[in-house]
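Just one chain follows, in the form predicted on its own, and it is written as structure tokens.
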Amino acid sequence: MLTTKSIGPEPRLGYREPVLSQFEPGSFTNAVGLTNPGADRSAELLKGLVIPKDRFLLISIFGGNVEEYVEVAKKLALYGDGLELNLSCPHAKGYGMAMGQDPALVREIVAAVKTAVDVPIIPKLTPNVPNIVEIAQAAVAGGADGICAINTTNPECYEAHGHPILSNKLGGVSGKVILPTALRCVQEIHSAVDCPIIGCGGISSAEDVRSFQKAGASIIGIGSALVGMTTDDIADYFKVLSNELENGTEESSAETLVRYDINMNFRPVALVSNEYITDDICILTFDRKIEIHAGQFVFLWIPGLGEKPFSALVDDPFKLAVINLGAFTEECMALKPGVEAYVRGPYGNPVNPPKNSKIIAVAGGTGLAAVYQLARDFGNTEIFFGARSKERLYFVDEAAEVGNLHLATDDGSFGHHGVITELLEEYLKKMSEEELAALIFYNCGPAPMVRAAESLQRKYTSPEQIYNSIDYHTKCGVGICGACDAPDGRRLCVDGPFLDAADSSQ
């Protein structure tokens, strides 16, 4: 069974980053803010989803009143096997927990949705009530087909360097720290109502699963334990966990796969210089080295404003290339020397080009940051860098020192007159089949440019030789929020940032 992120009547951007913090290994606070594309767009996306017959898709929904729950339920019930009613989100004002603490309202919502659709209805309950049994009984009285327990516990505020980490300041608590609370709630609910229970909250091992089953859970939900895992890691984890449960083994092999080593701590950096390239591009230089390998990225955090991910243009001293694309990057453009900011990471997988291969690195925008370090560290690299005009080309002298640099501008003000893929095709046409077979491509930048580069490269080489890093919206950096998912379902932050084109869907 797979449960979606919660979907509401209208699109919601949610809160600015940071949206997730780890206050101890395996324990987190989060305040995403019910980010979702809205019921109509979600219905369009879900319509194209093929659910295997041996799988169950539980679509989570929310609303601000009874009518909104019914409206969303009617739009989405056709595309899943059941509906989870989010009556427990602790940090979105007017939603979730605000409604799930009132037994009469819980019963009314469940009854209204149950009447409106013909799929199982499973309310997700908050532990942040004096008596969760009372809420569960109200849900069952309203017609609930099951109960999901629990959502995150009371919102908390954790700080780093004297500043609240989450942009919302308060975030619901999840992970290992809430397991005892979740277990108690499942026991209490099971003793009071006769319906299936989905138990969740801090579960990571076979021992945890057995404890919840003994407490009365029919189905087990796992979320926080997957932090930091790649898509392949998750598949391996569930395979190991299932085998342990089926065989009744006592060892916790699955637990050893949980990434308790994920580092989400912030380290201070002080700005030394802010060099403007144009009125919307700058290079920030900080006062120290950061540990990062080619292909990885870090988050820059400015307390009170938020955080964003960046490839390091240079690691020693730490430099960032910034293009003004919104509130956060606009603030970065205005930073003055001496300002203290904070860095967390690195995240993502370092690149590992095959030995003796020739690298073709194609970049646009801030994508040069990722490919510059790649060329510097591995050599034997052709760098293709494109921009709209000459004044938007930056770091070209430094790039030319580490690779053979090919430049293109849309307006012809410098280098090739046209897009960078035209220049790339001229280069590839001159190569022999043997030379083409030795190439490895790394494309980094905006989606249209990367897709155009990949399409061209497929004409001359195989997809196994192509790796893409697209500027998807990355929020948590550890694979749990889903914001940076590629069209094929892989998450840029843990499966990439350079994704193998051989595994992608065109």
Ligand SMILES: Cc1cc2nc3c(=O)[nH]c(=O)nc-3n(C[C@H](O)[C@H](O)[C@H](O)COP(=O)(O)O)c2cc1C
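These numbers come from a predicted model, not from an experiment. All residue numbers refer to positions in the sequence shown, first residue = 1.
One more form of this protein, predicted in complex with the ligand, exists but is not displayed; see below.
- Heavy atoms of every residue among Asn30, Asn151 and Ile178 are located within 4.5 Å of the ligand in the predicted bound form.
- Among heavy atoms of Ser60, some come within 4.5 Å of the ligand in the predicted bound form.
- Within this chain, Glu84 lines the site of the ligand in the predicted bound form, having a heavy atom no more than 4.5 Å away.
- Not displayed here, the ligand is kept clear of Gly146 by more than 4.5 Å at the level of heavy atoms in the predicted bound form.
- Heavy atoms of Ser224 reach within 4.5 Å of the ligand in the predicted bound form, making it an interface residue.
- For the ligand in the predicted bound form, the listed stretch (168-176, 184-192, 75-83, 413-421) containing residues with heavy atoms inside 4.5 Å is 168-176.
- Checked against the ligand in the predicted bound form, the candidates Gly386, Gly100, Pro123, Gly201 yield a single residue with a heavy atom inside 4.5 Å, and that residue is Gly201.
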